[in-house]
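Take a look at this single chain, the form predicted alone, given in structure tokens.
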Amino acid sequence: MTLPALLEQSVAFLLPYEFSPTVLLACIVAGLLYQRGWRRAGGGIGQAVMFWIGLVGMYVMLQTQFEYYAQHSFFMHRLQHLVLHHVAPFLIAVSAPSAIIGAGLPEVIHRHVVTPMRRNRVLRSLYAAIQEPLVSGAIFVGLIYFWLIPSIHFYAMLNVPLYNAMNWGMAIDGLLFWWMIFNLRAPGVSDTRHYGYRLLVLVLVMFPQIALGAYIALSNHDLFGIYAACGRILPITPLVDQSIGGLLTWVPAAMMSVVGGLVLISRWKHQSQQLDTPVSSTPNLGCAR
């Protein structure tokens, strides 16, 4: 294949399969606010790289030709949700972008949108309930199971609003879950989301994903016939397609809990060292009497 043909195919892949102005606008606004805030408030290069990889990953999964493959191959669909629900939100949350994005927000948005929302008791109570670790973990795993119920999955892949709700729901829930995992309040402020508690939740969400992925991967019959109805585009058998999709639900999804746990343990250790470091005091240099 010649270089011009390869470039043409690459550009064609990056074009939206089904254009969504909402996805495009959300990604552009998030990127612009982050860049504006990063210039104002500063931030680490590694922190910015993780944020941008996560944001671009979400865009690629939803607004390129990858969407076409995800609609015609079960394992590509599972890869799409692995990125939307695990990898991209993980990277965005672990980069701790709230302060940077907050610095990028115009003052009028802070005054008339953000501040009233923070003061609204209903919104605060709802957010606190969703972000309670066990609740957040149950929703995180529950959505994976729900959308993989064969009958529900069948209709979701045929109904455009339901299909969009599935993808948006996975992305938003992923952001909420990993945000709960990685973002604590300042030291000294009461917060029930202790490191140990969140480590426990990471362990608890791992095993249901392993069980579901193993069931799908080892099943000896086609659970998701919708892909045969829509037309498979990859030269593999339905059971091979399903087995790869099950493995994606089984191994890398569960491994994200391990990686997240390692990050939490590292931060926990760092915070403990900070708290254990004695504050140096100035020695008494007064003259003896």
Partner chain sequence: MSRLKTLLTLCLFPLVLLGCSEEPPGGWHGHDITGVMPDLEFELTNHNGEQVTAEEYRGKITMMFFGYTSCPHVCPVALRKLAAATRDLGDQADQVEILFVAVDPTRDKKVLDEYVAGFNPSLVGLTGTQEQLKEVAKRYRVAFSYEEPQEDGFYIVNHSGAVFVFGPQGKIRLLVDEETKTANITEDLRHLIEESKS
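Being a predicted model, the structure only gives us computed values, none of them experimental. Numbering follows the first chain given and starts at 1.
Missing here is the form predicted in complex with its partner chain; even so, the following discussion is about that form.
Stretch 70-78 is the contacting one of 97-105, 70-78, 84-92, 201-209, since its residues have non-hydrogen atoms within 4.5 Å of its partner chain in the predicted bound form. Residue contact check for Met157: one or more of its heavy atoms lie within 4.5 Å of its partner chain in the predicted bound form. Of the heavy atoms in Leu126, some are within 4.5 Å of its partner chain in the predicted bound form. Contact check for Tyr17: a non-hydrogen atom falls within 4.5 Å of its partner chain in the predicted bound form. Proximity of Val263 to its partner chain in the predicted bound form falls outside the 4.5 Å heavy atom cutoff.
In summary, among the residues Val113, Ile172, Ala214, Leu134, the only one with a non-hydrogen atom within 4.5 Å of its partner chain in the predicted bound form is Ile172. For the residues Cys230, Val56, Leu239, Ile28, the 4.5 Å heavy atom test against its partner chain in the predicted bound form is passed only by Cys230. Contact annotation for 127-152: residues with any non-hydrogen atom within 4.5 angstroms of its partner chain in the predicted bound form are Ile130, Trp147, Ile152, listed in sequence order.
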